[in-house]
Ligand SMILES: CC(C)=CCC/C(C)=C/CC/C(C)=C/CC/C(C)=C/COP(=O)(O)OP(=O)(O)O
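Below you'll find only one chain, the form predicted alone, shown as structure tokens.
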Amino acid sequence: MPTPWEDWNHILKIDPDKELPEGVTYGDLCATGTDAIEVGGTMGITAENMSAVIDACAEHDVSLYQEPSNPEVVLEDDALDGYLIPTVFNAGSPFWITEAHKEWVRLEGDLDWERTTTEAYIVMNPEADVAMLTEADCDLGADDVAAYATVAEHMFGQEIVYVEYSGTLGDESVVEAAAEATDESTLFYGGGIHDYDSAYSMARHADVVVVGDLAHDEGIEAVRETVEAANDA
């Protein structure tokens, strides 16, 4: 069955715990040409700040997904096209591989499975909040990442493999190795994309580039450059 992200090149990830640049609105970000808005973050996330961003983006014609960091912030909202749920394959704590997910199911019961998709995260920046929170083993070579990507696709049937360098631009050879290791899964890349060239370099290998901090740090035109690059690659 076709998935929406098969046709995507670019995702804009908005962190509800971070401010937007002066004069920038969520509507402006939705109009940058990105294929989808993903609302999520690692630290300081609450149901209230998630809801505020989702409500602001829901008024605009762009695919809208929630990426919850824990079960307590999952929102049942018809404005959402779905939920993208991280499972960190190289986490040091099993909580971030399956236990958080088990708790969500235990607490909520029958989830909206048709709109719920897991993302097989491979976290690569040891200084990132997500790496520290999940105790991720980031001391990985390209062959390790390729092996994780293969396991995610062929053993666990993951539709999305996500190479995450959160906060720094990754090693292009690592992303290339992950791309070569995946056949059917869609490869997401996130981390350190700050201009046309950095977006283009990663979009040459990844199916979808995820841009996050740039929206909060630089604003609309910088995001538009990365959309252009992702579409050009």
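In this text, residue numbers run from 1 along the sequence as written. Predicted model only: the values in this text are computed from it and were never measured.
The next section is about a form of this same protein that is not shown, the form predicted together with this ligand.
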note = Answer key: of Asp129, Asp144, Asp77, Asp137, within 4.5 Å of this ligand in the predicted bound form (heavy atoms) is Asp129
message = Please identify the residue among Ser63, Ser166, Ser198, Asn49 with any heavy atom within 4.5 Å of this ligand in the predicted bound form.
response = Ser166
key: Segment assignment from 177 to 185, 25 to 33, 200 to 208, 40 to 48: heavy atom within 4.5 Å of this ligand in the predicted bound form   = 40 to 48
task = Report yes if all three of Asp15, Lys18 and His101 come within 4.5 Å of this ligand in the predicted bound form by some heavy atom, otherwise no.
result = yes
ask   = Does any heavy atom of Pro71 come within 4.5 Å of a heavy atom of this ligand in the predicted bound form?
value = yes
Heavy atom of Val88 within 4.5 Å of this ligand in the predicted bound form = yes
